[in-house]
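As structure tokens, one chain now follows by itself in the form predicted on its own.
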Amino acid sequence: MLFFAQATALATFTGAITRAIALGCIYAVVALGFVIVFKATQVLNFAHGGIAMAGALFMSIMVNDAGFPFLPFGNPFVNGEDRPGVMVWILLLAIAMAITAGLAMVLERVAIRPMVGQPLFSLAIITLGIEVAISAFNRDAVNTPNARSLEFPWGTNFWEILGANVNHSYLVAVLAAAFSFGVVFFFYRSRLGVAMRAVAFDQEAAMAQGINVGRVFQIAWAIGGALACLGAVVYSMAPFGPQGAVSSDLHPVLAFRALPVIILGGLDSVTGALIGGLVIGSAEVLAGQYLSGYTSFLGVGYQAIVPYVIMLGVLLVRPYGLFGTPEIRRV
């Protein structure tokens, strides 16, 4: 009996920790897009969640409707009958990320660029207005008779490891995070990446050195949009919330769950986005697993509150986050 109890406990822990790491990686990818925009422009992009869900919708249009967003012709990569293979699906995801990056660039050029030099609070309010507008589009798009499936090639397949079912989606989430942070790592060491870091440090000094600040802003928004799309698509996989399709359940997570991550890690820290994502994802999953016996006291859905409890604790102790840059003001 003791052996079976230990085996069950090990299987439970394995399932919980693998899901925690996968969910943390997804949060880290979404938060990374937010951090890139803030680091380069000092703008709190509250439209990030709406842009992310729009990217998932773009992906669903290509795999579900066999077309391209905003374009009248069909999609030659999808025949509408069989689920696309892994390589074709990855190609379609790259296209969806590029389209989402283009959308983010347009929003930056039309709504944000004319406000450069104005108070940052005004820019944050504008992004909030963009979020409301995009959210209305997203809700209309998902309110259709047919589910907006994303046709993941691996579906709900899983491995059995130490008695636990470990979904293939968990590995995909880890690979998506590794890809995102790897690309950003090498990008920051490129010529354009150095220019973006210079703009983040001092915009006026960067302009004096001949750096096109407007171009840097637009590229930062494009990278943020592409990462938002990737995070939304990966979170749509089963066994996470949307269960393989784009639904109205997707937007609240993308819009608000990344907030505790960036507060914990720091608004301008790439490292903080990764560490914050893993900490918040682990806290949410492990609390849901090991505190489930106290629902009569904690209430149903208590695990969704855990990230915000951590966020409040960090704000009280270290307002700029674990890896964020502290602000020094002379009075």
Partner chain sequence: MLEISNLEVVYNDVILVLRGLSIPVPDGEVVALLGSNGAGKTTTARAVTGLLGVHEGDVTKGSITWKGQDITHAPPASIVKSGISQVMEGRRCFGELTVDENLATGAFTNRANQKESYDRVMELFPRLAERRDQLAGYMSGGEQQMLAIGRALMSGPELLIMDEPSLGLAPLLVQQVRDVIKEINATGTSILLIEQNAMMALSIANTGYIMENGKIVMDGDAQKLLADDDVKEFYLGLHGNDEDDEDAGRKSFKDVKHYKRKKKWAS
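Source: prediction; values computed, not measured. Positions refer to the first chain, counted from 1.
Although it is not shown, the form predicted together with its partner chain is what the next lines describe.
Enquirer: Quick check on A141: any heavy atom within 4.5 Å of its partner chain in the predicted complex?
Expert: No, no contact at 4.5 Å.
Enquirer: How about I211: is it within 4.5 Å of its partner chain in the predicted complex, going by heavy atoms?
Expert: Although its partner chain is absent here, I211 would touch it in the predicted complex, with heavy atoms inside 4.5 Å.
Enquirer: Should R197 be classed as touching its partner chain in the predicted complex when contacts are defined as heavy atoms within 4.5 Å?
Expert: So R197 counts as contacting its partner chain.
Enquirer: Is there any non-hydrogen atom of A206 lying within 4.5 Å of its partner chain in the predicted complex?
Expert: A206: yes, in contact with its partner chain in the predicted complex.
Enquirer: By the heavy atom within 4.5 Å rule, which residue out of F201, W159, F179, F186 makes contact with its partner chain in the predicted complex?
Expert: When its partner chain is considered in the predicted complex, the option within 4.5 Å is F201.
Enquirer: At 4.5 Å between heavy atoms, only one of the stretches 92-100, 127-135, 189-197, 225-233 reaches its partner chain in the predicted complex; which one is it?
Expert: Stretch with heavy atoms near the partner: 189-197.
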